[in-house]
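Encoded as structure tokens, the following chain is the form predicted alone, with no partner shown.
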Amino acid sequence: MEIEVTQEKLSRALNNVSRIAIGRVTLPVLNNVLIRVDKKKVSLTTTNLDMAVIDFLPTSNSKDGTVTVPAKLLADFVSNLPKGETIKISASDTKVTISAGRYSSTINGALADDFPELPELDEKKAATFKINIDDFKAGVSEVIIASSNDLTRPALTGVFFNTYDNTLAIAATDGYRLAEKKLISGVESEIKAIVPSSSLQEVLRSLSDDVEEIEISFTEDLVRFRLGEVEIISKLIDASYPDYLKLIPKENDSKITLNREELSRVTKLAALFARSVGGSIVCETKLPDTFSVKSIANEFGENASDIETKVEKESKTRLNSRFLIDALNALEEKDILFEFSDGVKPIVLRNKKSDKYVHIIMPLNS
């Protein structure tokens, strides 16, 4: 096996694939990157058995073959070589030689036979969507914050891709909050799939400025993300997702318009005084024109701030301040809608002009 490639291209590709090749003592080959040359097509591949990252590398000269090399060692070595150098990698059995100008090193690799076979996605059975990269990045970032880390509830540790009303939407919930973003309208394929949040985070990290569109393909148990020269294939979470649309209130007693930055500021101020009570704050409307955010009196003291806005009914609710700050950071517009009621109904936050994003937060017990 032999390839020649520029330092910049090889370093970028190795950085993309090496992140998931870490610390697998039980199966050491998973710490390696598989370098494959087949009919002049070069690919670098890593896997952790749940997910695989593949970077297809443009190269001028190559000879067919395969070998695996410790991913982090190779990535660190290449990143320290001078930019602009042409790097030559050649393998004889498990000995891999990397040379660039006056620099040369030999790394002990392993046979490709030991590398796990990658799952193959059946193109004929796949439901495929293409999404503008900025819309995808914003949508996933706005939703993934509501996913759970609780491994006893595996469905909630992922992001739910689903179609309804000819729309592809993504949603996440941890049982205390829920976020949904509508990504594409006018879709014909139907899909219900839970993608691990860790896989989506890897996709976000792999995005580059020269990619304008992402292609997402789903089969019964796999999802593949194609972004430029990079492919990420992940297993789906095998679980049933809750019917989250039923959790979004259709009506609330109070519906007010607030400046997002001003609400974020007063929430952060109240949160400073709410640390000893788990971040609990009180949001309240007061006739005729006041929305109040205050902390509950405790050992640190108390804080209250008022925002002037049109109020039609007096209501009060207690919220986790961190959840509210996360939601406000995810909302995009200058003015937002804040809907809530007394009691146990969740609050609903939306952008005032766009209905593509909704974020709900369950109130705390009084």
Partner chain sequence: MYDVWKNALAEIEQKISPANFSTWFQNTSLLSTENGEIKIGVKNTFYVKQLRARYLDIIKTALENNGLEVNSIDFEVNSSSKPKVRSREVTKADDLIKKRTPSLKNNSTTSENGLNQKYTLETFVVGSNNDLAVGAARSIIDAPGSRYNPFFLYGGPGLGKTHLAQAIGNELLKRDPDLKILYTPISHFYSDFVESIRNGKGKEFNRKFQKLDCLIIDDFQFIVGKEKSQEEFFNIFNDLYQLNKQIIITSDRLPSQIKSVDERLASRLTMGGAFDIQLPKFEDKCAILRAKADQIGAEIEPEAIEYIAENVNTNIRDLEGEFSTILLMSEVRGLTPLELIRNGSVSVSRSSKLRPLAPKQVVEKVAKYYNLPVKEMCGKSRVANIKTARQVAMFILSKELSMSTPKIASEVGVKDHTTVMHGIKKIEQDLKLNFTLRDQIAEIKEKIYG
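Note that the structure is predicted; figures quoted are calculated from it, not measured. Numbering follows the first chain given and starts at 1.
There is also a form predicted in complex with its partner chain; it is not shown, and the following applies to it.
Visitor: Just to be sure I understand the contacts: of Arg226, Arg265, Arg153, Lys182, which is the one whose heavy atoms reach within 4.5 angstroms of its partner chain in the predicted bound form?
Guide: Selected option: Arg153.
Visitor: Please tell me which of Ser189, Asn80, Ser208, Ser240 lies within 4.5 Å of its partner chain in the predicted bound form, judged by heavy atoms.
Guide: By the 4.5 Å criterion, the partner-contacting residue is Ser240.
Visitor: With its partner chain left out here, work out from 161-169, 98-106, 246-254, 129-137 which stretch has heavy atoms within 4.5 Å of it in the predicted bound form.
Guide: This holds for exactly one stretch, 246-254.
Visitor: Are all three of Met51, Phe115 and Asp221 close to its partner chain in the predicted bound form, meaning a heavy atom of each within 4.5 Å?
Guide: Yes.
Visitor: Just checking whether Ile233 would be counted as a contact of its partner chain in the predicted bound form - the rule being heavy atoms within 4.5 angstroms.
Guide: Ile233: yes, in contact with its partner chain in the predicted bound form.
Visitor: Would Glu215 count as a contact of its partner chain in the predicted bound form, using a 4.5 angstroms cut-off between non-hydrogen atoms?
Guide: No, no contact at 4.5 Å.
Visitor: Can any non-hydrogen atom of Leu27 be found within 4.5 angstroms of its partner chain in the predicted bound form?
Guide: Yes, Leu27 sits close enough to its partner chain in the predicted bound form that at least one of its heavy atoms falls within 4.5 Å.
Visitor: Is Asp174 close enough to touch its partner chain in the predicted bound form, meaning at least one heavy atom pair within 4.5 Å?
Guide: Yes, Asp174 is a contact residue.
Visitor: What are the residues of 258-288, in order along the chain, with a heavy atom within 4.5 Å of its partner chain in the predicted bound form?
Guide: Sequence-ordered list: Val277, Ser280.
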